[in-house]
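Quick setup: one chain, the form predicted on its own, written in structure tokens, and binding and motion questions come after.
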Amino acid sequence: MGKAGRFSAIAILAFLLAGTVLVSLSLGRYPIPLGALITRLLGGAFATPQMEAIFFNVRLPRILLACLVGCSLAAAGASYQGVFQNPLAAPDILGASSGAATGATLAILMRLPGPMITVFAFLTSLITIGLVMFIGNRARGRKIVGLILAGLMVSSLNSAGISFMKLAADPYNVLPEIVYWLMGSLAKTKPADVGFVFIPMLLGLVPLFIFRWRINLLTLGEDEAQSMGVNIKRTRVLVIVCSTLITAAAVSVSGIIGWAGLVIPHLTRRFVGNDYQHLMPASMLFGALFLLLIDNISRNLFATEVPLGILTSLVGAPFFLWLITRKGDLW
């Protein structure tokens, strides 16, 4: 696909996302007619106060959060795959997701209110990444391998901690809440959640977008990138910190949502290629579109909401198997 084709693909994704957002705003257990929705967006008013309350307090925050979380996970996945030069790298490779899960599980076990669960998840995710980077920098051999191994080991410790807390939790009230959080959901989204994660996500996504061409150089290998005048260490740290920040923010408000960060960048490569100049914005848009569609299925197709982690696994795992068995390069 030529340069014009890649720009066209990005424009189509942006158009599809905008249309899906508009349709999603009208869908739900209390439907809002598209005509009333467009009138409100153009400055008019809804027919009833209930419609106004549902739109601003429930529907709009949830849809914005679905887009932000999907965009962040896909951008983090694409970045990690470039930095680690590993097609199986995903947003939780350094333990950000397991760290957030540990904090959220602890907060639920302590019966803290919802906002504190988000805060605990966000902070423990960052602490986990700090610990992984501390250990990885002291590992012998290749730093990048040491970092990945440190992430795997710390994630394993987090999993053990989560299992212990689940064992100690009240099986009738607390344990179901922990299990539901771990499966990922946006059902309890509040407007404050969007405000809480917006700044951290912005601080991570903007540098990744601006410096996306540097990730191209990292995929060439260290020696070749250094010969082109790129400071490998500084660039790698910048990309890892930004990717971790948006992963921590996303998981803290949504719970564990697997596969989006792994599958979306690979699917996007099929349309726009491996050049991060196009891959990064396309992955961001596709990630937002994907999670918004999954969330629409979760809240509209069944009588009871299905956790997002289950749906993304049902879609992501078979698709990834199809992807790796097709002819052509995966990476």
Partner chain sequence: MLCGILLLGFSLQLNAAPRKDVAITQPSRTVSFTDSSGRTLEIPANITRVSPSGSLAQMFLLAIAPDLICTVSSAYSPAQAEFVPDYLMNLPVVGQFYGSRDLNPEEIARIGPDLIIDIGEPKDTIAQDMDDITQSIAIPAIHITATLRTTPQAFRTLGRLLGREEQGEKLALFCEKALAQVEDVVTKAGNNKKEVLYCLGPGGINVLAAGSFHTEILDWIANNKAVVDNPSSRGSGNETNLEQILLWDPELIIFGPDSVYPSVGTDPTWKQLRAIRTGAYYEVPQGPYNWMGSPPSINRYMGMLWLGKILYPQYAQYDLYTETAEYYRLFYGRELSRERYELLTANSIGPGK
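Bear in mind that the values here come from a model prediction, so they are computed numbers and not experimental data. Numbering follows the first chain given and starts at 1.
Although it is not shown, the form predicted together with its partner chain is what the next lines describe.
The contact residue chosen from Ile232, Leu106, Ala169, Val241 relative to its partner chain in the predicted complex is Ala169, the criterion being a non-hydrogen atom within 4.5 angstroms. Residue Val194 is the only one of Val119, Ile144, Ala139, Val194 with a heavy atom lying within 4.5 Å of its partner chain in the predicted complex. Shown here without its partner, the chain carries Ala18, Leu41 and Pro49, all of which come within 4.5 Å of its partner chain in the predicted complex through at least one heavy atom.
Picking from 130-138, 182-190, 90-98, 149-157 the stretch near its partner chain in the predicted complex, with a 4.5 Å limit on heavy atoms, gives 182-190. Using a 4.5 angstroms threshold between heavy atoms, Val272 stays clear of its partner chain in the predicted complex. Heavy atoms of Leu68 reach within 4.5 Å of its partner chain in the predicted complex, making it an interface residue. In the predicted complex, none of the heavy atoms of Gly82 sits within 4.5 Å of a heavy atom of its partner chain. Among heavy atoms of Phe198, some come within 4.5 Å of its partner chain in the predicted complex. Residues Val253, Ser254, Gly255 of 244-262 are found to place at least one heavy atom within 4.5 Å of its partner chain in the predicted complex.
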